[in-house]
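First, one chain by itself: the form predicted on its own, in structure tokens.
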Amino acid sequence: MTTLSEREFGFDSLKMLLVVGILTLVGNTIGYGISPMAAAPGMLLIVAIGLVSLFLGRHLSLELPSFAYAMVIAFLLSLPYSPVQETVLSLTEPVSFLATTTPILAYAGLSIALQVTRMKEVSWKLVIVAVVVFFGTFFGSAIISQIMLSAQGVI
């Protein structure tokens, strides 16, 4: 396995993030009617956060995946006490969360497709695990929603 140089890693990561950003802007426009020009500054901020998190995941000695760094960075930038909170929120508001899921799910599908041989080794057990996870997620979310909406008096 060859290791990418810093320059190659940065360039490849930036290309990947820009493709995801462009796909998200297209989905944002088609699905929600938001102009790409209105959402582009927020998308560029999200791409920048993604690029920084990929470098942090590569260089920090913590055993965390890059998306954890992205989540922490975005969380810190959007905290009410952050001096850039209003700017971050106003830039990212035109970017629909659901528009970002299409390229993410496409990459997840490609990633799984590249591991078909490993999936064959797991065989039918993978189906059982997937069904349990789906049901657990669905019922867990429903239970939490029921508790929270009941506590708020909504239902």
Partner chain sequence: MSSSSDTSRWGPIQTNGRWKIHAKTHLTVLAIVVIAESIGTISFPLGPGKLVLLPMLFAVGFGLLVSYSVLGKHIPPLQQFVSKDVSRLSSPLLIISLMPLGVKYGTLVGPSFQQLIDAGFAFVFQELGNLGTIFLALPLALLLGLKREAIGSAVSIAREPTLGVITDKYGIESPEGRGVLGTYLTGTVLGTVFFGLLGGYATVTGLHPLALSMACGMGSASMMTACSASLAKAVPASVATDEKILSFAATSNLLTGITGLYIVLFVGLPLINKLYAYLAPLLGREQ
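Just so we're on the same page, rigid core means the largest C-alpha set that superposes within 1.5 Å between forms. Quick caveat: nothing in here was measured; it's all calculated off a predicted structure. Numbering follows the first chain given and starts at 1.
Note that the form predicted together with the partner chain isn't included here; everything after this is about it.
Among heavy atoms of Pro103, some come within 4.5 Å of the partner chain in the predicted bound form. At a distance threshold of 4.5 angstroms between non-hydrogen atoms, Leu54 is in contact with the partner chain in the predicted bound form. When the partner chain is considered in the predicted bound form, Met37 lies well away from it, no heavy atom lying within 4.5 Å. The partner chain in the predicted bound form is not approached by Glu86, whose heavy atoms all lie more than 4.5 angstroms from it. In sequence order, Leu23, Val26, Gly27, Ile30, Gly31, Tyr32 are the residues of 23-43 having a heavy atom within 4.5 Å of the partner chain in the predicted bound form; the partner itself is omitted from this view. The rigid-core alignment places the CA of Phe97 less than 2 Å apart between the shown form and the other one. Shown in the overlay between the shown form and the other one, fitted on the rigid core, is a CA shift at Val116 of 2 Å or greater. After superposition on the rigid core, the Cα of Ile30 moves by less than 2 Å between the shown form and the other one.
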